[in-house]
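Below, in structure tokens: the form predicted alone, a single chain.
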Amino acid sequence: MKCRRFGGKGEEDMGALSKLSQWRTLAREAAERTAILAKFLCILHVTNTYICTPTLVYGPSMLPTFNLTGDVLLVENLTVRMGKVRPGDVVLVRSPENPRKTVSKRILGMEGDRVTFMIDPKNSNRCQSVVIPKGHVWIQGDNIYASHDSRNFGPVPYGLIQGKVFFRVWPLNGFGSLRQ
């Protein structure tokens, strides 16, 4: 009588093929999920860079428009890219004195406008007038007593404007569109 052994070479090959098939399925699923994540990150980057971005602003320079302790705002970039910002718009600007810093200020004048401002509103009523040069804007904080702005560093190149603030997300009691 001959004995037949089970688990010979044929069954080993079947087990290996089964495991290989499982690894292929797992690898395919991982690649598909990675592709979805990469697409999401690309869309997020394009949206954040070219369309709209959230930002946190804080400090006394824009009181009473923004809170001292901070507001979360939505900033859109299309208006700036198309050259459509106007006096009265609140914008995010790369600081001309410290490029690592971004400030939020209101545009008070565009190129060619004459702006009259108080030199030191805390200590005197002395005023000065400036004609804004081509390619520049005049920005000031709403709280002139606690704002470091164009009165200190002069007109700002248009290229430093990063976006126009259009919506307040936080705090909830101020939720909504910014009124001019």
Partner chain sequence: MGTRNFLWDFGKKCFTFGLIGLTISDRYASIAHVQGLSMYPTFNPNARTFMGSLTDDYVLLEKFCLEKYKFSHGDVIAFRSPNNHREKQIKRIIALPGDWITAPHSYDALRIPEGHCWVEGDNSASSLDSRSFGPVPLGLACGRATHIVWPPQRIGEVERRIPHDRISFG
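Positions refer to the first chain, counted from 1. This is a predicted model, so every value here is computed, not measured.
The following text describes the form predicted in complex with the partner chain, which does not appear among the structures shown.
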{"item": "Which of 144 to 152, 25 to 33, 130 to 138, 66 to 74 lines the interface with the partner chain in the model of the complex (heavy atom within 4.5 Å)", "value": "130 to 138"}
{"item": "Interface residue in the model of the complex among 39, 122, 114, 126, criterion: non-hydrogen atom within 4.5 angstroms of the partner chain", "value": "39"}
{"item": "Joint contact, 43, 46 and 96 to the partner chain in the model of the complex, by non-hydrogen atom at 4.5 Å", "value": "yes"}
{"item": "Proximity of residue 82 to the partner chain in the model of the complex, heavy atoms at 4.5 Å", "value": "yes"}
{"item": "Contact flag, residue 171 vs the partner chain in the model of the complex, heavy atom cut 4.5 Å", "value": "no"}
{"item": "is_contact(residue 158, the partner chain) in the model of the complex, heavy atom dist at most 4.5 Å", "value": "yes"}
{"item": "Partner contact for residue 50 in the model of the complex: the partner chain, 4.5 angstroms, heavy atom", "value": "yes"}
